[in-house]
Ligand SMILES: Cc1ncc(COP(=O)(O)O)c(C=O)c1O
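The form predicted on its own is given below as one chain in structure tokens.
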Amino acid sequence: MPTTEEIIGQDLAHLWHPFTQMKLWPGEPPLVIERAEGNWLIDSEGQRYFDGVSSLWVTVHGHNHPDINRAIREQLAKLDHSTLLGLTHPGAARLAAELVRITPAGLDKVFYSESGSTAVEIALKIAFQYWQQAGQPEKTGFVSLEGAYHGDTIGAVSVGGMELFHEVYGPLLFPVYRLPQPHCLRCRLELSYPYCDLACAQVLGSILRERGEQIAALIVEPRVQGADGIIVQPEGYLTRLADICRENDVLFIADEVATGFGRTGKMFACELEDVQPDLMALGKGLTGGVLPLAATLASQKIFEAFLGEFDEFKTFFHGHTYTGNPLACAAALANLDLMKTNQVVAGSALAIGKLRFGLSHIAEMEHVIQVRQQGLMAGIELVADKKNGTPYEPGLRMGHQVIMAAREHGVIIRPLGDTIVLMPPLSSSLEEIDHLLSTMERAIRQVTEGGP
């Protein structure tokens, strides 16, 4: 068994980590996660840490849940992998039927892939090709939000709106129409909710009145823009966007990769406002956070535009080697069964309430300018001067300092700049939520106020 030092040595010599400045990585120091129990990660030295970010927003029932592990073992004994090109298998068919059953009405067809980025890429391609084959080939454009994050493939980056992540790839991207971010703390339109009448959403109407005949679809992260700092949209915003799309014959794409599977207090964030999208991208929590699997759901109307004789070439020419992998489908089916049997979404209400109560105290801290929460998704934004809204200098890495302080007290989280993201598993106990909150308050005070 290699030692911690040997593992770190191999890591530093050969491994390139995502979203990580590798020049600074050796000084973290790197933490070697070796195993997990429930909602806790355990490092190679035996130290335990609460998984406060659900291992990048994916863990639903905790780690190593016996029912999901059993389902994978049973599937492994039957079939490890088989392509969906020209074949099918029971797990892929059963899971597709279950996803159609639990998602908003009107989503009837399921296309599998392996990550949220590819699920979004597929939705964009389907939307584009749909109009080419539906008699309106001029509808080629897309609308998205400022501050959007939809993944890291080229199409997903094109509709993304985070300059820090995306600006360098500008020459590779296709142009997109942008809506102002619905960020009520920093309204681009200099208005105040609810007196604004959702003017930021009304911008979509202006764009579509002028160029609607050229627009294929709007893509939006429903209710919460995750990667830009957990920006929670005001009540009614999502409904307004969906209504404007319907009125102007523009497809509505819901990117529920981060918000799906109970993370917002409903199975899907669209349910918070009873919105029915034309296309929906799913990932992250689909397998309970165990294996890579994603899905893009489409309406029957969209699907039928791809039907035709072989020589009409209306086929959706897209696919992945591991599309609908049987092991991943088995994990997803076990995950959904657990969510139903244990009433996980409804049962998370107490944890959501506990988190909200604790965050209300953190919001009063000297260097916390705003706390944003939707369900078990929360962001704590830090600033140098709360009264004037003055941010910290980026080079101070205050968010990073806070998460490193939290690690000393047994919690693993990850910041988005100087916004601290809390994303506990849906299976978190009230005691674990208390531990997360008390650790966060202690770490923020330690870093921003020089407290103990």
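No experiment lies behind these values; they were computed from the predicted model shown. When you see a residue number, it is the position in the sequence shown, counting from 1.
Note that the form predicted together with this ligand isn't included here; everything after this is about it.
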Where, among 328 to 336, 111 to 119, 165 to 173, 362 to 370, do residues come within 4.5 Å of this ligand in the model of the complex by heavy atom distance? 111 to 119
Sole residue of Gly212, Gly141, Gly265, Gly151 within 4.5 Å of this ligand in the model of the complex, by heavy atom: Gly151
Contact residue in the model of the complex, chosen from Ala127, Leu145, Val257, Ile231 - any heavy atom within 4.5 Å of this ligand: Val257
Can you work out whether Tyr49 and this ligand are in contact in the model of the complex, taking contact to mean some heavy atom pair no more than 4.5 Å apart? no
Using the partner position in the model of the complex, report whether Tyr392 sits within 4.5 Å of this ligand, counting heavy atoms only. no
Touches this ligand in the model of the complex: Glu221 (any heavy atom, 4.5 Å): yes
In sequence order, the residues of 50 to 75 that place a heavy atom within 4.5 Å of this ligand in the model of the complex are Trp57
